[in-house]
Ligand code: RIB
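A single chain comes next, written as C-alpha cells; it is the form predicted alone.
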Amino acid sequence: MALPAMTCKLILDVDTGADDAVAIMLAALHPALDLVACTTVNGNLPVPYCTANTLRVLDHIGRQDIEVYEGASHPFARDDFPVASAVRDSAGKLHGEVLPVTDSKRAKADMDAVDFLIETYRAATDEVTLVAVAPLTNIAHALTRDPGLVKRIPEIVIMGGGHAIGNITPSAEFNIWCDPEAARVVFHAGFEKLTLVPLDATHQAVVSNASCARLEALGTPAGAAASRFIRRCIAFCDQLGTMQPGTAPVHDALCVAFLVEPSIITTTRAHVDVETKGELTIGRTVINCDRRPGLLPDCDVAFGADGDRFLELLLRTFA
C-alpha cells in the first residue's frame, strides 16, 4: 500500500511493557511517522520501570534521539487504585519489570511529561497526533491544568476499553480500569477527532508463534525484539487460556498502525463514557452505538481490524 503523502508527527504516551514496546518500535521506525517523543505513566508497571523500558527499546533500535518524559506515578483521583496486588503481579508476569534488551545508558528528560505535553502543544506549528496506549492519567492532568489543550491537539488515538470484551474484569479493559476518572476526563473533554481502539478490534489482530518466527528471521534488532516481546505475551495468554493457543494481541501497536493505514481498522461513530462507581462495572467503557437521545456520537470506535495487514506492516517496517 502506498505511504501517506505527508509524514505524521506523533507523541506516544506509554506504560511500557511488551505491546507498548512493539508500538514504540513501529512509531520510531516507520518512514511515514515522526515520533516526536514518548511520555510514560504508571500502569503495567510503576512508572520508573516504564520509563527505563522505553529508553531501552528506543536505544535498541538506534533511536537515542527520541526523548522520554516521565509522568504520573499515581492515578488521577485515587491513590489506592489499583488496590489488588494480584493485578500488579499479573501485569508483571505478562510484561516483566525489565524488557529483554540492553540497558540504556542515557537518562530520561528533565521535564515532567505533563509539562511537556502542555508546552509542546502550545508551541506546535505542525499538527502532532497524540497516541495514548496506557492509563490516561497524564492526559487528564494536562487537560485539567490547561483546558485549551483540547483545541490544540488535532487528533487523539486511544488504546483502551472494550464493548463485548474485558480483560481485567468481565466489564473492563486494563488501561481504562487503572484510572477510570482520568479516562472520564479525557472522553468528556470534547476532542474534535478522537479514535478509540478497544479490545474488540485488537483481538482481531493477533500475532502467532509462527509470525514471531518470521519477525525473528528478519535479522534486525526490531524484528528480534518484537519476536521476544510478543512470544512473552503469547505464553501468558496460553497460561490464562484467553486466546486461541499460540496467539496474542499486540494491542498498542494497532493504534500506531492505524496512523499509517487508517483502513486497517473499521470504525463506527458512537458516544463513549466511562463507569467510575459501579461495583461490578468500574472502568467499563459504555459505548452507545444506537444514538440514544442526548448521547450524540463523539468518538470513532474500532470494532474490526485486519490482522493480516497488521502483521505485514510489522514485517515491512521491522525489516
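Just count from 1 along the sequence shown to find any residue number. Quick caveat, the model's predicted, so the values are computed rather than measured.
Not pictured, yet referred to below: the form predicted in complex with this ligand.
Review point. Which one, V207, V133, A201, A226, lies within 4.5 Å of this ligand in the predicted complex by heavy atoms?
Key: The residue from V207, V133, A201, A226 that makes the contact is V133.
Check your understanding: Which one of I139, A113, I230, M159 is close to this ligand in the predicted complex, taking close to mean a heavy atom within 4.5 Å?
Key -> For this set of options, the contacting one is M159.
Practice item. Choose one stretch from 171-179, 237-245, 218-226, 184-192: the one whose residues place a heavy atom within 4.5 angstroms of this ligand in the predicted complex. Key: Careful reading of the contacts points to 171-179.
Review point. Given that the partner is absent here, does T129 sit within 4.5 Å of this ligand in the predicted complex, heavy atoms only?
Key: No, no contact at 4.5 Å.
Review point. Heavy atoms within 4.5 Å of this ligand in the predicted complex: does S104 have any?
Key: S104: no, not in contact with this ligand in the predicted complex.
Check your understanding: Is T40 close to this ligand in the predicted complex, meaning a heavy atom pair under 4.5 Å apart or at it?
Key -> T40: no contact with this ligand in the predicted complex.
Review point. Applying a 4.5 Å heavy atom distance criterion, does N44 contact this ligand in the predicted complex?
Key: Taking the distances in the predicted complex, the answer for N44 is yes, it comes within 4.5 Å of this ligand.
Check your understanding: Quick one: which residues from 103-122 get a non-hydrogen atom within 4.5 Å of this ligand in the predicted complex?
Key -> The stretch does not touch the partner at all.
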